[in-house]
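Coming up is one lone chain in structure tokens, specifically the form predicted on its own.
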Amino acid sequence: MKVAIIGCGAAGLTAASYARRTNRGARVTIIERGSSPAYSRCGLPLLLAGEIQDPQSLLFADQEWYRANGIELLLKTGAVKILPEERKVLLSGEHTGELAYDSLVLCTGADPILPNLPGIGLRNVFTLRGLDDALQILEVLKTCRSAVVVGGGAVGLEAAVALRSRGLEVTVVEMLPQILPGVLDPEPALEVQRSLEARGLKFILNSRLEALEGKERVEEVVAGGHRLPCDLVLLCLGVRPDLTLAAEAGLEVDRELQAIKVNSRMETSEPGIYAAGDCACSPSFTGVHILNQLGTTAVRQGKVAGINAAGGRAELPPLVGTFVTKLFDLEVASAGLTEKQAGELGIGCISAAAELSCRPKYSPDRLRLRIKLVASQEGRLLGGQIVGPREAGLRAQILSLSLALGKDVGWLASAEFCYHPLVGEVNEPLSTVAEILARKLRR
């Protein structure tokens, strides 16, 4: 059996690994247009901040691992075209010709969104999508004193924190009225913003990027009527799924999400072709397809795709969308839907929020978290957001499981949790907020 995988990111590497585990006799080949095997994109802001010194430590595995596991890795090789009827992929680059397959997994990823604006080609204007981007940024940082980060999502904020930790003056420009719009509602987003402002970050919201100005290198950003002098610009405007091969092969694409549509087995509309990672949208716990471009989702989708492509059987449970980041000393986490997202799906919802202690008042270890829960008007849990110095991510995990299991507010309000004065509160804060929400639902 011949399994071909296009793209050696987190999804592609995982698909290859699980294809090999599933079928020891299969020929597993990864086609990768870049010069490097899979590495952690999530670690790039840490590299920028200087918390990671060796870029090679970001590699998931070296090339010897691929050889030892019988996975053929074709670097600097592009997939030019898929011929579904012939079950072949046309190649260019260091390896040319045709590659036959029995099963094909598309892990083509996504490309940074670049606006068509004056000055976009000036020096010191970067995206932060790949390892090469990070290394180029590190080279110019030595001569930079100020930076503008365009985009207030997770990548933009993590990059802004990294640059600020290097001593740069950093301004974040966001076209929407809040930061982290995909994972937080306005109230917790404002709390995060204030915490970051206290550490020296500046924010300009409700401001669309208009132009980049300078002679040879960028010297000023024009956004929302503001003129912002700077030595460096990072464009963190999100990414767009790479659909070139999928569209030419006639695969079904979700028109709204502009991503390859797959089912719970990661199967596309074409028999024998699977998709996983940033290019694929799959079913969620609300019943609609979502595009969840997180590393954890890429790995889970890649695992299912690899097993099925090699002749096994696996299904991906509906996606919840569980997120966490750390910005200076603040953890920001969420699971499921925000109120805004629920409204966009036509789901009537109600919410409750509170800032609560996670330790008894006599405990020497103090911790407070702000928690917001969102539920349908019938009481089903829809999502939650947690902000605090630590343990926010752990509670997002609990919420994620609750959402995946379809639990309601009453269940979470009465759920059993462990307790010790140094590690928790006798009344778990998640349960307390759920109880508040349950009372609101009964009114």
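Computed from a prediction, not measured in an experiment: that's the story for all the values here. In case it trips you up, residue 1 is the first one in the sequence shown, and so on.
One more form of this protein exists, namely the form predicted in complex with another copy of the chain; it is left out here, but the text below deals with it.
K.L.:
What stretch, of 63-71, 374-382, 411-419, 29-37, brings heavy atoms to within 4.5 Å of another copy of the chain in the model of the complex?
P.N.:
That would be 411-419.
K.L.:
Any chance G167 has a heavy atom within 4.5 Å of another copy of the chain in the model of the complex?
P.N.:
Contact check for G167: no, nothing within 4.5 Å of another copy of the chain in the model of the complex.
K.L.:
Could you confirm whether T77 comes within 4.5 Å of another copy of the chain in the model of the complex, counting heavy atoms only?
P.N.:
T77 lies outside the contact set for another copy of the chain.
K.L.:
Consider L232 of the chain shown here, and say whether it contacts another copy of the chain in the model of the complex, taking contact as heavy atoms within 4.5 Å.
P.N.:
Contact with another copy of the chain, no.
K.L.:
Test of understanding: in the model of the complex, would K326 fall inside 4.5 Å of another copy of the chain by heavy atoms?
P.N.:
K326 belongs to the contact set for another copy of the chain.
K.L.:
Check each of S195, Q258, S269, T296 and return the one that places a heavy atom within 4.5 angstroms of another copy of the chain in the model of the complex.
P.N.:
Only one option qualifies, and that one is T296.
K.L.:
By the heavy atom within 4.5 Å rule, which residue out of E158, E191, D242, D185 makes contact with another copy of the chain in the model of the complex?
P.N.:
Answer to the contact question: E158.
K.L.:
Within 314-351, which residues have a heavy atom closer than or equal to 4.5 Å from another copy of the chain in the model of the complex?
P.N.:
Result: P317, P318, L319, V320, G321, T322, F323, V324, T325, K326, E331.
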